[in-house]
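What follows is a single chain, given as structure tokens, in the form predicted alone.
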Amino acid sequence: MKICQITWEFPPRVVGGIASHVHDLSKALVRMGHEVYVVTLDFPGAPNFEEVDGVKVYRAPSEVGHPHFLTWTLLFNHSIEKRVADVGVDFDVLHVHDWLTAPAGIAAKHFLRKPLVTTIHSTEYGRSTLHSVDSMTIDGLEWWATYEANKVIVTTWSMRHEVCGHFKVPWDKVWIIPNAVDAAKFQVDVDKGAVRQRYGVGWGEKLILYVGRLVPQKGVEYLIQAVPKISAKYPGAKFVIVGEGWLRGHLEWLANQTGQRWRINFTGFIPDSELVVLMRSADVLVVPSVYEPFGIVALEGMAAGVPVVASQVGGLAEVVEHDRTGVYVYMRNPDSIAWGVDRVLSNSGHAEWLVRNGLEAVRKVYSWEAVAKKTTELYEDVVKGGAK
């Protein structure tokens, strides 16, 4: 089968989780014997065409820039649409990821007369409750993507309810195919002492880790507010916050307000290779989201062998099984986060049991092979039905 994945981000352009999702899914589909073409946006230093792990990657030049993100998105969709046409392949199916390339995917569906699959990784309604004109426009683009698609993919039951309820999509049009993680990537030898020292964590101290974007829906402020509560019981606790986002300035101000800023290390963005060894060196991974369609970071923590403390919200509540593969805490609740961290740190035997169960779940349920197989079944279903 000839598959065209259309996405605005693909390595080395990595903004959120879509880049790694499309990369890993595409590689798994290639291993199954499919021809996979990725059409994406250009990035400084990246070639216009390259083959990566058997995946043919075509990058479209962003011909017209604009400081307003939504305007720029609508402009670069025209470039991506032209790039899809330039590839000149008789695709069997087109697969668009989120609203950012929905216009290009919808146009390609009509001029190529091929079926379209759309993955909704999250919704603007869930992320922001439509607080502005731009949010309402993005919400409209998401609706349009679900309307034009032959089938819609979501990663969890909670997202299926959200998409069907908000966009009025027929229940049988939406397939649940979970996200996945490459467990082998995390099975590397690590000098944990050296890694911890790089981040200011000494012998006998506890490394409490957060990984993700610094935006309101990730709930990082509630972890920061829990710092004094956690450190009261664990005086050697250190907190490493990995990621970038527009909320960083406020979060650093909030860290100063705790009176324990010296415990909190904002690293910014770090490369994947460094992230792997940092995860494997942590004592606890906290995922304090207030909105989370899936929660890939929790899966990565399980694959890395670190106990996970996560908000019982959205997709996280489906990925993590309380007191078996991780620990649930209440969202927006620093006291609950402190309790969850203590639940892990106070009982090393229980923490090891959580890690073993998490690794087993990753290998059996959340492998890219399983996800690619299910995605192929969906492609075959839409190809059989033809373009509509």
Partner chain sequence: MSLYYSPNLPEEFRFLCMMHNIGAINAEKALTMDEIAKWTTMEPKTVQEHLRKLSELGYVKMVNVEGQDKYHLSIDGIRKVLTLYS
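Predicted model only: the values in this text are computed from it and were never measured. Numbering follows the first chain given and starts at 1.
One more form of this protein, predicted together with the partner chain, exists but is not displayed; see below.
Residues V15, H66 and S128 are all found to lie within 4.5 Å of the partner chain in the model of the complex, as judged by heavy atom distances. The partner chain is not drawn, but in the model of the complex it has a heavy atom within 4.5 Å of W246. By the criterion of a heavy atom within 4.5 Å, N333 is excluded from the residues contacting the partner chain in the model of the complex. Within this chain, S231 is remote from the site of the partner chain in the model of the complex, having no heavy atom within 4.5 Å.
Not displayed here, the partner chain is kept clear of Y147 by more than 4.5 Å at the level of heavy atoms in the model of the complex.
Residue heavy atoms within 4.5 Å of the partner chain in the model of the complex occur in exactly one stretch of 275-283, 131-139, 202-210, 168-176, and that stretch is 131-139. With the partner omitted here, the residue from Q217, T156, Q225, N77 that has a non-hydrogen atom within 4.5 angstroms of the partner chain in the model of the complex is Q217. Taking E162, E81, E124, E221 one by one, only a single residue has any non-hydrogen atom within 4.5 Å of the partner chain in the model of the complex, and it is E124. Applying a 4.5 Å heavy atom cutoff to the partner chain in the model of the complex picks out D98, W99, L100 from 92-110, in order along the sequence.
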